Every structure is written in C-alpha cells, then in structure tokens.
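In the form predicted alone, a lone chain appears below as structure tokens.
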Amino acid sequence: MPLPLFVSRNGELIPPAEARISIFNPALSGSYGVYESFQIVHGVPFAESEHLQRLAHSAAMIDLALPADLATFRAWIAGLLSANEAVECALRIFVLGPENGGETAAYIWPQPAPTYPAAFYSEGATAITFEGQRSLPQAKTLNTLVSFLAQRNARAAGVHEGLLYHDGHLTEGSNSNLFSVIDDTLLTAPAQQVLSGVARDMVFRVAGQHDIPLRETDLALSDMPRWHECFITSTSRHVMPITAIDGRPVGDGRVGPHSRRLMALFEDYFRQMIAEESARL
C-alpha cells in the first residue's frame, strides 16, 4: 500500500495528487493545525473515540474549529476505509487552519502501519536522550520540529527512540510516552508536561485494574541510574521495553518482569477493545 487510492478532504474522496495545500496556508508558516494517528486492525479503528476526542482537545487548545463534529469524522473515516479497501493500516488525520478566511480542511488517509522487530519486545529497544521541549506539549499540533530532531539524532546514533528532557527532567519520547520502574512502582511524567497518548491512558487503566502502583512525578535525569526498568508506549508500539539509554543499561539491561507483565496485560486489553468495537460495527 505505497499510496492510498483516495484521500478524504472534509469528507470528499480525492486522488492523492490532489491532496495539496498552498504555501500561504498558516499550517506551513505557523504550524497551525493538529493531527492524529491510529491503527486499523481487521478493518476496525483502534480506540477511535479516544483519538478523535484528543483531536478535538488539541484543536480547542489552539482555538482551531474542526470542520465537522466527531460523528461526521467517524463517517468520513468509514467511507475512506471502504473506498481504499483498507483492513490493516495506520490512519492519519491532519486538520489544517483556514487560509485567508477560507474553511478549515481535514485530510484523512491510510498508510502502511509501522512495524518493529520482535527483538525490541523480547530483548528491548534502545534510546538516547535529547534536550528539547515540545511547544504546547498537551496538544498534538503540527509543530513537531523538536520531535523530528530527536528522531533524527536517534537514527544517527543507531537507536530506536529519542527521549526528550528539559531543565534536568525527562518528559516523553519523540513520539511516545515514557515510563520507568523503581522498586515496584511505575513512574511517568505528569500529564501537563507531555502529550498524554491513548496508549499511556490504557496503561493507567490496566495498572488500576490489576493494582499495579503507578505515579505521575518528575523524572529527573539524575535518577536514571536508579531505574530498574523502562518502557515506552504509543498506539503503534503498544508497550515496548527500553533496555539501554545513551549506551548504558537500564537496570540489568534485560526486559524486566514489570515490563513483561504490562506488555501481556496491554495486549489482552487491546484484543478485548478490538473485539468489542468489531461487534458494534
């Protein structure tokens, strides 16, 4: 699936070649826009409501009016998936600010879902730290320069993810949320410091259901030697253990028991959500 057959522009199905924006669009000069990405599994959008609610929240934070209500977005997504015969893919939504008093434009398209080596889950992935802070971290805006630079530095270093830090505290990955484990407690940065991902919220939910201690707190760089385990979360990765940061092992350098348990519990919850959503369709 190198290119979709159709892209949705405010519900109208158009060829990909027509999905263009002007150089005068404020999304280009001011990053005035928001976006979302989520999985399509067996034709079922994963956590569609949660992603669309976050899209609306991000838009409200930058005073950007969506071109339609969320029920209409769901109809646009269903029509687009049917037209593209998309069953297993990632779905992208970009909402761009209006140009010269025109209308807000929502572009939606399917693309190949990212895949990760099995060894990232059995043996753990690696990461580096990167000094930087996203603008308006609670909103998923088009201003992704810091994330882009963190990803580029991670690739140059031959590792999977770049972990952002600011004023001596780690916050999140370039496109993931970050958790550490000290003793038997999961730790993650406070919600107001990060983009609270749908997968992050699911970890909170699963931890609560299984009485796993979890606390939001500042993640000091100086505390990293105390970490027993570390993992990142995102809609595409689910729960992915990190076993080395900046070339130094996390804990004993192996995937720990808390990470393994959270991976298993998350997958059970994920399958349950897909089954329930499939039954509703």
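In case it trips you up, residue 1 is the first one in the sequence shown, and so on. None of the values given here were measured: they were computed from a predicted structure.
One more form of this protein should be noted, the form predicted together with a small molecule, which is absent from this view; the next part is about it.
Contact with the small molecule in the predicted bound form, defined as a heavy atom within 4.5 Å, is made by none of 126, 228 and 255.
You can rule out all but one of 82 to 90, 102 to 110, 118 to 126, 199 to 207: in the predicted bound form, only 199 to 207 has residues with a heavy atom within 4.5 Å of the small molecule. Residue contact check for residue 195: one or more of its heavy atoms lie within 4.5 Å of the small molecule in the predicted bound form. Contact check for residue 134: a non-hydrogen atom falls within 4.5 Å of the small molecule in the predicted bound form. Within 4.5 Å of any heavy atom of the small molecule in the predicted bound form lies no heavy atom of residue 162.
For the chain shown alone, residue 235 is a contact residue for the small molecule in the predicted bound form, at least one non-hydrogen atom being within 4.5 angstroms.
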